[in-house]
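Here's a solo chain for you in structure tokens, the form predicted alone.
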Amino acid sequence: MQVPHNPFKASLTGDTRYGCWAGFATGYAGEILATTGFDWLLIDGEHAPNTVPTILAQLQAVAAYPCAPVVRAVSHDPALIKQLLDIGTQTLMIPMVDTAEQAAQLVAATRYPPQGFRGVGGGLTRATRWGEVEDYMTTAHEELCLIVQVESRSGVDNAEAIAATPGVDAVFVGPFDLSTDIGHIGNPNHPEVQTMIRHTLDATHAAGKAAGILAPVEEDAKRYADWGFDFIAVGIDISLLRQAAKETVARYKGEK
């Protein structure tokens, strides 16, 4: 058996890929989303109530569908990164990356020695298909996709160096954290924030890497697609359910 193919990494060919944030933390909800036509699905371990077992359940639930899973960790903790990789995560997003040094450490956490310091799980792990994948330790990195998030002024200032870090495959802009960090709370469309987003996009593409962003508002998503973002999260499952529920109630009870 060979290392499983990573459909998300393979899809970064220049066309914009549209995804959805998954925050319900259940395999059942994740599987529903995987059937709706999104190109990719972000299983959120940062702000959603996810644990390693719930993330595993979602990876298993969406595996049968043409919707590529991306897992976001809560932190830079290499022990957690090891666990997420061992359960079969192949595309990993890490929040709050401010420097190239941090990015390099994250790359090392995803690589086995001598390129990094990832621990060896062998036949215990889903990633190796319990020992059935031949030469997993020497080939796993070929199908891994590491996405680092730029969400601060420091991250934007260091965007060129972060994107150029060997082993970083993509940079994802967090517009809400970025706008908050620079004093425009709740206003990612402020001109200063937009300029910083565009700078990060250009720096990422100049390094030959893919760029992504969260844009649940249609006007924003279309603008970012026109700019050339490679992957855009255009929906959030919790927001989609809440809005649909409110609209349904309003049809029968009227607006309150």
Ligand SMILES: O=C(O)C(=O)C[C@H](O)[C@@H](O)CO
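Just so you know, these numbers come straight off a predicted model, no measurement behind them. Heads up: residue numbers just count along the shown sequence, starting at 1.
Same protein, other form: the form predicted in complex with this ligand, not shown, and the subject of what follows.
Inset, instruction - Consider the chain as shown here, without its partner, and state which of 232, 236, 25, 12 has a heavy atom within 4.5 Å of this ligand in the predicted complex. - result: The residue in contact is 236.
Inset, instruction - Please name which of the stretches 44 to 52, 25 to 33, 203 to 211, 218 to 226 has residues with heavy atoms lying within 4.5 Å of this ligand in the predicted complex. - result: Checking each option against the 4.5 Å cut-off leaves 44 to 52.
Legend entry - this ligand contact at residue 175 in the predicted complex, heavy atom, 4.5 Å: Yes, residue 175 is a contact residue.
Inset, instruction - State yes or no: in the predicted complex, is some non-hydrogen atom of residue 91 no more than 4.5 angstroms from a non-hydrogen atom of this ligand? - result: No, no contact at 4.5 Å.
Inset, instruction - Give a yes or no for residue 149: in the predicted complex, does one of its heavy atoms lie within 4.5 Å of a heavy atom belonging to this ligand? - result: Output for residue 149 is yes: heavy atoms within 4.5 Å of this ligand.
Inset, instruction - Select from 1 to 32 the residues with a non-hydrogen atom within 4.5 Å of this ligand in the predicted complex and write them out in sequence order. - result: Heavy-atom contacts to this ligand in the predicted complex: only 21.
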